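Here's a solo chain for you in structure tokens, the form predicted on its own.
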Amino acid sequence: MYEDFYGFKELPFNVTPDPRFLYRSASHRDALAYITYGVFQRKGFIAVTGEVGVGKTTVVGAFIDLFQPSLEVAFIFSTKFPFEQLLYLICRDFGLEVEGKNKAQMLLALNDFLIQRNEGNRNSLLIIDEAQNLSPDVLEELRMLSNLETRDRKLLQIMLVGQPELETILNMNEMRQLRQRIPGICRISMLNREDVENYIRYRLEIAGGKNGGAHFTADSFEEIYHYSGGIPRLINVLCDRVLLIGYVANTRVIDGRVVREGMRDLASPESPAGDRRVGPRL
């Protein structure tokens, strides 16, 4: 609605995890380096955690974009299944036809597929999002799945992506065999005050604002930081609202007053954001 007014080529604050819009804070850079190391050193298992909306899926997407030519990727979003159903989804996402096959047959088909991809010098990567919902039994089965290997390398790299509760599960005593296979757990932190300002400026730049674009003032950054607690998804929701308010008011200057108006809008009962008001979480 407001793209032409600000001269944007596209909306700067969409909540979809577009890797082009990844702002690489120190924590996000560390996560990208951790994923790259774990996958290409064939560690077998890696784990990435972080609060809801902190940018986990965007980091993973950025990694895939960077290394897609050398990767074979299966991405699983639905995790509240017993292992056999999860295995079916894994095979299907890798492009295998396993309709009507039992667990043993699916495992054989997957093993053959992984061997072929390894011979073709492609690294097979299974990404499981919302991994905190996996049961201990399913996690144990995944540990066994990681045993698919040649004499010198793992055939399948498994990336567990989830909320901080995943760390609690992995540190349970009964999970110690799996935990010992994970080379550290990478937690993505929320943005600090400086990062929030840089994050907003970066997304405005990527969106290509012209005609003077949108100008966020110093007090607007402060308000956005305190409202969002440094969570990118909340920053996006609020910034999208305040840009709409600026458009309606025919102003390209986004100051603290405009941001506070956006916060009031989002706090209304009709808003999906409810009464979300948080201070910085460090």
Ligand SMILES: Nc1ncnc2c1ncn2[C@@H]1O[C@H](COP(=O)(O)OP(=O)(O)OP(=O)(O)O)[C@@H](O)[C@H]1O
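When you see a residue number, it is the position in the sequence shown, counting from 1. Predicted model, so just to flag it, every value in this text is computed and none were measured.
Heads up, the form predicted in complex with the ligand isn't pictured, but that's what we're talking about next.
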If contact means a heavy atom within 4.5 Å, which one of 56 to 64, 216 to 224, 35 to 43, 251 to 259 is the stretch that engages the ligand in the predicted bound form? 56 to 64
How about R233: is it within 4.5 Å of the ligand in the predicted bound form, going by heavy atoms? yes
So, V15 and the ligand: in the predicted bound form, are they within 4.5 Å at any heavy atom pair? yes
In the predicted bound form, Q163 touching the ligand (heavy atom, 4.5 Å): yes
Taking heavy atoms and a 4.5 Å cut-off, does A26 contact the ligand in the predicted bound form? no
Tell me, out of E130, E72, E141, E197, which residue has a non-hydrogen atom within 4.5 angstroms of the ligand in the predicted bound form. E130
